[in-house]
Each structure stands twice: as C-alpha cells, then as structure tokens.
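First comes one chain, alone, set out as structure tokens in the form predicted alone.
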Amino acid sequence: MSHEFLQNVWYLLIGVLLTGYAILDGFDLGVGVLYPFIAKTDKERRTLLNAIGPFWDGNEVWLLTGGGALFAAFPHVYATVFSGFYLALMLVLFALIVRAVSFEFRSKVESERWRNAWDWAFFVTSLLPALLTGVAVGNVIRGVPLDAQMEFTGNFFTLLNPFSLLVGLTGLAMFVTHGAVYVLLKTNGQLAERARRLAVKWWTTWVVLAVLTSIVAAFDAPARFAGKSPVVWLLPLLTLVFLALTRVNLNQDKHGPAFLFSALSIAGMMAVFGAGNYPYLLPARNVPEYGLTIFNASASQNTLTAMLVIALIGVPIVLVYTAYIYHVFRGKVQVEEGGY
C-alpha cells in the first residue's frame, strides 16, 4: 500500500471514529442538556440517568480513540490542535470529568440540595462539551491562523469567532434533538410526551441553524467546496433527506426509525464536513499554504501500516461489543431502587 493511500484511509477512519462519537455521545449529551427542563420529578430524573447510564462512558471512548488515532496518524495536527486549542480542550475535559462524577455522586447523600447541585452540574457539564465541540468544528471549517512551523498563532478568543459560535449552536441543536428522540425511544408517559414536543422544536432549530451555517460558510469559507467532485454535492442533499425522514417518523410516532434517521443525519453532516475540508485537517486562515493536510502532516508509511493492521483487528471488536451492550439494554427504562 502506498503512503498516499494510507493517508487517505486514515483520514476516513478518523472521520468514522469522530462520527461514531457524535452519534453515540451526542444523544447522552443531548439528554444532559434537556435534563433539568424535561424531568419534573426525582423519579423522572433517575429515569433519564438510567436511560444513558449503561452507555455514556463507552460512548466517550470513541472520542478518546479518535484523538489517539489523530496523534499516531497525523502527529503534527495533534500537536497544533492540542496546543492551540488548549484552554478549550481543557474545559471540555474538565466538564467530562465532572459529568462522570455527577452520575455517581447525586444519589450518595439523601439530601434534595445535594441532588439538585449535582443535577445542575450534570446539565452544565453536558452543555459545555456539546457546544465547544461544535465551536472546534467551526474553526476547522473556517481555518485558524498558523505560521510556517505549523503552530497556532491566535488565542482562546480567536476561536470564539461568530462563525464558529454559529456552528457550535448548530451542533448543540443537533445533539439536543438526538437526545430528545432517544428519550422518546426509552421512556413512556408524560416524560416521553415532553420529549416528543421538545424533539420537534429542537429539530426545527437544528434545520434552521444548519441552513444558516451553510449560507454563512459559503461566504466565510468558500474554498471548502471549490473544485470538488459533483458527487460530493449529493451529501448535503442526502443529509436533508435524512433530516426530513426524522421529522416524518416523529410525526408518525415511529420512535426507532426516528432515532435511526437522526443518527444518519448526524453522519451526513459529518460527511459533508469531511468532504468539504479534504485534504485539510486544519486549514490556515491567514496563509493557505501553511494549512495542515493529510499529506504534509502525516506519520511515516510504516507507522500508518502498523496502525491499520491494529485497527482492522480492534475496530470490529469494539463494534461487536458496542452492539452487544446496546442489545442487552434495549427497551424501555425501568427505575429500580439501586439505580442512579
């Protein structure tokens, strides 16, 4: 296998890993953002926690795996992103740590004040990663200031530009919609009815923001789709079809298909993002030639080959294990005394 072929394969594989994270952790982050607004009683809050309890930590593994693959396959990109986006990434990491603690600690003390504090911590630490991951994607689409040594020359506030914040809000709406559909899939009664109403409202918000983001991107980062194959333009159309089918199935109370098409909509948006940015992993906003691509920022051919062998063994195992866990914990949630 040639070096160029391996570089393309790893661009695709990292995209798959990050898409897996967006779909899987997307719904439990979305549940966390909805948590204080959709659950009216402690039993309903415990129902939501038990709905995502068996999955949330495994879902986050996809992000860690994607980061690890980026480190090994494209080390220059990893170094630039993790140094330039340091504060934002530390905020996300801190939020994910506190979020994990909130799961385990909220029921350790029989105190309403204690539980309320951890419930709000769970909400905030779900909101931050959902928003900031979208902001990061927005900066990768738009490009960031880089120098000839592949180093980020901006600061934290450089990342908080209007376009990236718009992408962050789009990602937030995407995750919340996905989370609301998941709640609808896993619960009954008034909780499910509230989830259905919120899923419809947030779906509308998601579509409006996605269209607005596309329009702004056409002006702010026009080079992303310039010169692309006509086939690439089918991806946005396919994504719109998936979004429409999500709404159709919500209206028909077909919760399983609605969740499936919500997941496919996220995958479609990630595919549009990947196709638009190719071959860039981190474009340079100031001097295009300073941008980091799969060709000037990759590891050696031997490294990519060895990693591919490991991935071909490990990824199917992870997929089978993930499918098994979701199969075991399928169906509606039943709250028990020993739950969260």
Partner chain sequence: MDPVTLARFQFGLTIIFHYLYPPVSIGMAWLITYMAWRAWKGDKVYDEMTRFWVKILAMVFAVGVATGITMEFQFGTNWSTYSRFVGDIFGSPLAAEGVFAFFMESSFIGVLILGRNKVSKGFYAFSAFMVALGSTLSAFWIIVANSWQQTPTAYEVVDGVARLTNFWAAVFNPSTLPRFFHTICGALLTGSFFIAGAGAWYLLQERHVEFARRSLQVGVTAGAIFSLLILGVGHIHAVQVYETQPAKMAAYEALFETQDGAAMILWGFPDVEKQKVYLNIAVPKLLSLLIHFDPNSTITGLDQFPREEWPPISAAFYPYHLMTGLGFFFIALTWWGLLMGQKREKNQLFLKVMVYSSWLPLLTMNLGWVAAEFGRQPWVVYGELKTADAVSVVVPAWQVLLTIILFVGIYSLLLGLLLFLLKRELDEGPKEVTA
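Residue numbers count along the first chain shown, from 1. Everything numeric here is computed off the predicted structure, so don't read it as measured data.
Keep in mind that the form predicted in complex with the partner chain is not shown, yet the notes after this line are about it.
- Heavy atoms within 4.5 Å of the partner chain in the predicted bound form are found in exactly one of 32-40, 283-291, 268-276, 51-59, that being 51-59.
- Contact annotation: of the candidates E104, D253, E112, E193, the single residue with a non-hydrogen atom within 4.5 angstroms of the partner chain in the predicted bound form is E104.
- The partner chain in the predicted bound form comes within 4.5 Å of a heavy atom belonging to G84.
- Though the partner is left out of this view, K108 does reach within 4.5 Å of the partner chain in the predicted bound form, counting heavy atoms only.
- Put simply, N249 is far from the partner chain in the predicted bound form: not one heavy atom of it is within 4.5 Å.
- When contacts are judged by a 4.5 Å heavy atom cut-off, L96 counts as touching the partner chain in the predicted bound form.
- Taking the partner chain as it sits in the predicted bound form, the stretch 59-93 comes within 4.5 angstroms of it through a non-hydrogen atom at E60, V61, W62, L63, L64, T65, G67, G68, A69, F71, A72, P75, H76, Y78, A79, T80, F82, S83, G84, Y86, L87, L89, M90, L93.
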